[in-house]
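First comes one chain, alone, set out as C-alpha cells in the form predicted alone.
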C-alpha cells in the first residue's frame, strides 16, 4: 500500500509529497522485521529507481514468501527527480546534508526530521545512490570505520563487488546514513553506476543481494540467485588518478580490470593539436573500481580509482 510519509505546501498551490510503498506478508504476526529501501535523495541519481521497481516486482510475484515488512521510498527528493537536479530545486540544498533535521527548523530540516522519524524502527536500511554524470562506479557499499563491525557482515550478503571501508575523518554527520546508524538503524550506503542513467545489470545484481540479506535475516524465504562475495577494502591502499591537463579523456580500461602500477588506463587527448596531452597511468597494482565516463576534463579532474592489493 502506498503511504504519504510527509506532505508540505509549496508556492502556487502545489505540494511536496514523499511517498513510500509498504509491502506486508500475507499473514502478519506483529513480530516481523522491517527493511527499508531508500533512494532518490539526489535527483540526478536514478539507478535506485530501477532497483525499487525490480525488488517490488520480485516480491509481488512471490508474495507468499515474504515474512517481513518491506518499505520502499523511491524518491526522497521528488522535486529533484522531476527536474533532474542533484539538490532540492528552489532551495539550492543538497538533501543529504540536512539530516537528522529539526521539526522546529526551516521547511527542509522539518521534512528531514519526518523522514528520519518514519525510517526509525527499521531493522535494516539500504540507502542507494548512483555516481554523478562524470563517473561510473562499480557496485559498492561504503562504510565508515565507526560502523564497520556492524555493517560489514551485512554488506557481505548483498552481492555487490566491493565494500569500501573508509576513515571516520571523512564522515559527514549530516547524511541520512550517519543519522540512521547513530540511532541504531543499520544502514548500508550503496554507490553504483552513473548519474542520470540506469544500468540494469547493476540493478539486478543489487536486488539479488537485497533478497539474499532478507533471506538470511528471516524476512524472505523465496528464491535467490547466485550471490558473490565482495572484496573488502579494509587496510588496502586506494590509488587516485587525476588529470594534470585539460582535454578529452578516452579511457582504456573497464571497472573490474586488474592492473599493474604504470599501466596506461587512458589518455587525455588534445583535439586542437591532434596529440596525446597526457597518458594516465595506474598509480598502484590493483583493481579499477571507478572510471571516468564524461570525456571533458580539466586539471585536477578525477579520472578513476584503483583498489590495491590482491583481488582474486
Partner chain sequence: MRKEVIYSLPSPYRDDLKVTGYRFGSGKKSACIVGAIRGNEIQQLYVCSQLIKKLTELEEKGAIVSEHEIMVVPSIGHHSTNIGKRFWSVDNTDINRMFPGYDEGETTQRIAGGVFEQIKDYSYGIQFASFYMPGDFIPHVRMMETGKQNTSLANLFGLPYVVLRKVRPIDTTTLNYNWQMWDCNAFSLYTSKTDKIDEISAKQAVAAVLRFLMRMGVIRYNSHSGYIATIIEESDLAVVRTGTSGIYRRLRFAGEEVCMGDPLAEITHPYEGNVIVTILSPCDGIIFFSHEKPLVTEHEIVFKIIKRLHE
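Every value quoted in this text rests on a predicted model; they were computed, and no experiment measured them. Here the rigid core means the biggest group of C-alpha atoms that line up within 1.5 Å when the two forms are laid on top of each other. Residue numbers count along the first chain shown, from 1.
The same protein also has a form predicted in complex with the partner chain, omitted here; what follows describes it.
- A heavy atom within 4.5 Å of the partner chain in the model of the complex is found for exactly one of 110, 212, 199, 233: 110.
- The contact with the partner chain in the model of the complex, taken as any heavy atom within 4.5 Å, belongs to 90 out of 146, 90, 237, 84.
- With the partner chain omitted here, the record of contacts in the model of the complex names 242-250 of 242-250, 26-34, 255-263, 58-66, defined by a heavy atom within 4.5 Å.
- Although the partner chain is omitted here, in the model of the complex all of 11, 174 and 299 have a heavy atom within 4.5 Å of it.
- In the model of the complex, the partner chain lies within 4.5 Å of some heavy atom of residue 103.
- Heavy atoms of residue 228 never reach within 4.5 Å of the partner chain in the model of the complex, leaving it off the interface.
- Although the partner is absent here, residue 204 is not a contact residue: none of its heavy atoms lies within 4.5 angstroms of the partner chain in the model of the complex.
- Looking at residue 134, you'd find a heavy atom of it within 4.5 angstroms of the partner chain in the model of the complex.
- With the core held fixed, residue 271 shows a CA shift of 2 Å or greater between this form and the one not shown.
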